[in-house]
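One chain comes next, on its own, written as C-alpha cells: the form predicted alone.
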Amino acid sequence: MKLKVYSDRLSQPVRAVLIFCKVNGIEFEEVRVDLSKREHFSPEFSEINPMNQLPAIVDGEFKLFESHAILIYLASSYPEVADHWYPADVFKRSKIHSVLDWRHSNLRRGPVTIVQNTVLAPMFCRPFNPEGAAEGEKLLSAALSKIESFWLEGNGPFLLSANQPSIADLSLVCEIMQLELLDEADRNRLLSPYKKVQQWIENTRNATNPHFDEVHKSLKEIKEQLQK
C-alpha cells in the first residue's frame, strides 16, 4: 500500500514532511485535511490521529503523527533516503535531535504566534491581537538570535556546521517560511538583522528545490485569498 500523508499545506510541519518525501523520491498519496474547516476534528481523521493535529501518516497498517517522528521514521525506513538527512552516526544523529527538541519550545512559538494573531485571525474567526503578535515577535527574535549565534556557528552552510541538510534544517526553515504570509515589509523587518539565517534559508531552499518552492506556493495562494 502506498504511503498516505495527511496534510494541509498551511501547516509548517506538513510542508517539511511533503518536501522530504518529494526530495527523496518517496511515493505517497497526499490526503487533504482542511484546517480552516476543522476537518482535523472529524471522526475519520481522529482514527488516524486522536490528537487531531497535522501531519499524520499511514504506511500500510502503521499510523504515526508528530512531524519529527514522521521524518525520523521515513529516513530510517526508506533505503533511498541519503544518510545526511538522518545520519547513522550516533553522535551526529544525537545533535540533530538536540536541534529538533529545541525547536519545539523556542522557534516554533514565534512565527505561529505572529501569524495566528494577525493575518490568519480572520480565517479561524479570531480577533486581531496586536499584543499577541508583539509577544510572538519577541519569541522569534530570541530564537533567530540563537540560531545565528549557536546552531549556525562554524563554516558549514547548514545547521551544526554540516555540508548537507538534515531533517533539522528542513523542519526549522519551514517554520520560518510561515512569515511569507506577512507583508514584505514586516517579513524583511523581522529577518533582515539575521544575515546568516537568511543565507541558511536560501541554502536549504536550493538544496531541496524545485520541491521547496512548489510546496510553499500554497502560502502565496493563501496570502492572496486573505488579501481579497
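Note that residue numbering begins at 1 and tracks the sequence as displayed. As the structure is a computational prediction, the values presented were derived from the model and not from experiment.
We do not show the form predicted together with another copy of the chain, though everything after this point is about it.
- The stretch among 32-40, 191-199, 172-180, 51-59 whose residues place heavy atoms within 4.5 Å of another copy of the chain in the predicted complex is 51-59.
- Taking the partner from the other structure, another copy of the chain in the predicted complex has no heavy atom within 4.5 Å of any heavy atom of residue 187.
- Looking at residue 150, you'd find a heavy atom of it within 4.5 angstroms of another copy of the chain in the predicted complex.
- The closest non-hydrogen atom of residue 95 lies within 4.5 Å of another copy of the chain in the predicted complex.
- Residue contact check for residue 101: one or more of its heavy atoms lie within 4.5 Å of another copy of the chain in the predicted complex.
- Along 60-85, residues 62, 63, 64, 65, 66, 68, 69, 72, 73, 76, 77 each place a heavy atom within 4.5 Å of another copy of the chain in the predicted complex.
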